[in-house]
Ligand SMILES: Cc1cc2nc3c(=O)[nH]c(=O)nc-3n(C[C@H](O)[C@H](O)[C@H](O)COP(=O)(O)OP(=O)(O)OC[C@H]3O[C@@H](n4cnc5c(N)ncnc54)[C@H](O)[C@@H]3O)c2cc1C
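A lone chain, given as structure tokens: the form predicted on its own.
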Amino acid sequence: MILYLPLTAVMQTLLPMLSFDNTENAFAYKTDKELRKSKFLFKLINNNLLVKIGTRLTPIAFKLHLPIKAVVKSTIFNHFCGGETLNETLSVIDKLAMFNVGTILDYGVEGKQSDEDFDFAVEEFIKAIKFSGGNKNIPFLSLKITGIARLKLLEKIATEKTLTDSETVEWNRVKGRMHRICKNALENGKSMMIDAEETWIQKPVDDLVEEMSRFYNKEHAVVYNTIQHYRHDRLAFLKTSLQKAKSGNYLLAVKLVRGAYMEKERARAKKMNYSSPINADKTATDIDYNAGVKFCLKNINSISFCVASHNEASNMLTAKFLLEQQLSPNHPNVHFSQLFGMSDHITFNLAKAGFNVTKYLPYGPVKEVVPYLMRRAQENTSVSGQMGRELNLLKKELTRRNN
């Protein structure tokens, strides 16, 4: 049980100082030119019709080999990604580090289906792990299981149908890939954050992450699962996961998110006539998310977790808890993270106050990262008020600098 203790002088100073309205801290790493470019981009993304047209035509244009790479790279790619290669990400990683912000490095290529592609992806992940090995500014790397496993195989496992002999061999190859990646992460002092997938393939992902956690999370949090709290069953799953970790004598590590597939999930449930796995509304999701955060905080010695959120209230809830409990802002089991190119007002103000904060930084060839970029644009328009908030903060900082 955690006792509520009086604030120390340091905590009394930090708590009122922490504000997500401080645009000077939020955009200190951007030049005036970069701020104006960000403002222009968010104005475009704020146009729903433009986003709908762009997300449909851009992938087609790449398939037709139309000369649009330069335009995409100089706009949405440069805003949301670190570069096309690991070396290109270094300037971004170093710049973030100047403001005490770490990096979650993500090889953003997805949607492949062959063993050759999966094995190539594994080598890329291992290359990234070794690349980050000596760099304390890259504490985490991100991985999607669909980047190393066939979608149809995951779907079949999720339905608990008996695998054929060849499918069993295929699934064992997937496990082998995961062991190689996690072993390299452990040896290089890094942690792997495994992204969540759609509900109809999440079960084998959860099982695989649990298996890896039992093996690699004995002394440190090497393998993180991702909990999507827009699912109404995930709070219970989080609690069960901790029970399993305690009984298995390993550290539970989780990344808490609200979720990325809401519209797709609801549409599929309606089409296939089954009960939607998604919370009824955003309020219910917010309640579940914050309950998940509180659960992790109350079990802070048994769970290493990341508040991966653009929601100001959830981030402030976590920060205040640490300060009010006289726990260090940079407690080793508590991390915050936002996407590169978004919510700088949260990221850099938390970092300024001494909390563990990272930016999720995808990289990869422009053409291959297009699915990620299109999803980013679609998600941003679907989050009520998100673009307006980003725009207003950028305008506020430009006005401040010009006065």
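The structure presented is a predicted model; accordingly, all values stated were derived computationally and were not measured. Start at 1 and count along the sequence shown; that's the residue number.
Absent from the display: the form predicted in complex with this ligand. The rest refers to it.
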| item | value |
| --- | --- |
| Exercise: residue 84 in contact with this ligand in the model of the complex, heavy atom 4.5 Å | no |
| Residue 118 within 4.5 Å of this ligand in the model of the complex, heavy atoms | no |
| Contact flag, residue 285 vs this ligand in the model of the complex, heavy atom cut 4.5 Å | yes |
| This ligand contact at residue 310 in the model of the complex, heavy atom, 4.5 Å | yes |
| Among 118-126, 257-265, 214-222, 240-248, the region lying within 4.5 Å of this ligand in the model of the complex by heavy atom distance | 257-265 |
| Contact residue in the model of the complex, from 228, 132, 89, 191 (heavy atom within 4.5 Å of this ligand) | 228 |
| Answer option from 196, 253, 105, 185, heavy atom within 4.5 Å of this ligand in the model of the complex | 196 |
| This ligand in the model of the complex - contacting residues of 333-369, heavy atom within 4.5 Å | 337, 338, 339, 360 |
